[in-house]
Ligand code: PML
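So this first bit is one chain, no partners, the form predicted on its own, shown in structure tokens.
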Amino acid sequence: MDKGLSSVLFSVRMRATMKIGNNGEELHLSGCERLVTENQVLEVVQNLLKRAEEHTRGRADMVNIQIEKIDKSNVRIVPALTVQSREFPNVSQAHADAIAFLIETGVSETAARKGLEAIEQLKTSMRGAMIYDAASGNRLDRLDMRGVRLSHMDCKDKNACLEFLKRNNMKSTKLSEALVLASKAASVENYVAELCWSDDPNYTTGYVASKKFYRRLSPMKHLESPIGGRVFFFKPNVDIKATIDFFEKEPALVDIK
């Protein structure tokens, strides 16, 4: 644990859902989390509640907030990936660049295309991510629409995150939050790459990531599309259980400079 961090941290996690259709089907609206000191918990809870209430897809019917004490000795410090940005005239060209990037990282063309199609063919957004074999393109997790949730993560230095957003001309925290997630994921053994775009209807920028780079691509979907998803690509010999445990349970702070 870094000496500059508080001796005690708390994981504050929020998940917001709304009911849709005649059967009251649960739709995932928003999810976010922070790793903070004890004196920051109340302020963070209030901010997350406000975020849940102001989602572009509607007002939440249920907001679940969990607060968990974190043992400082278990927190891993992870370096942030290097950010790149590319813009294209249409979704097709952005997808072509994503496929090329994935292939460069070691994902087979078959697996890259299967991952892209898996997100495109979703009828509704998943709560978590899919894990694919980077060689065969077979799905390795068995979590269906739940998917794998990355959890227990945040920026190491909040001021550095704000400066990072200013440098990238971003008012939204989406960039820093996605970079934190991608960086934590890339730190695990046998990881190869990631493909993602948001379910926010007004946010069309997605990204691909590798062990070194986080490349923002726009547009990765059409404006007003409410469907988004995430696929991780791993080497065939990955230990799925250990990987999911790390993603969902091991705390990490990402060092964004």
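If you're wondering where the values come from, they're calculated on a predicted model, not measured in any experiment. Quick note: we count residues from 1 along the sequence shown, nothing fancier.
Keep in mind that the form predicted in complex with this ligand is not shown, yet the notes after this line are about it.
With this ligand left out of view, the stretch that reaches within 4.5 Å of it through heavy atoms in the predicted bound form is, among 36-44, 63-71, 184-192, 203-211, 203-211.
Mapping the unseen interface onto this chain, K174 counts among the residues with a heavy atom inside 4.5 Å of this ligand in the predicted bound form. A residue is said to contact a partner when one of its heavy atoms sits within 4.5 Å of a partner heavy atom; C196 meets this definition for this ligand in the predicted bound form. Put simply, M130 is far from this ligand in the predicted bound form: not one heavy atom of it is within 4.5 Å. Contact check for R230: a heavy atom falls within 4.5 Å of this ligand in the predicted bound form. Distance criterion of 4.5 Å from any heavy atom to this ligand in the predicted bound form singles out A178 from the list A178, A98, L150, L140.
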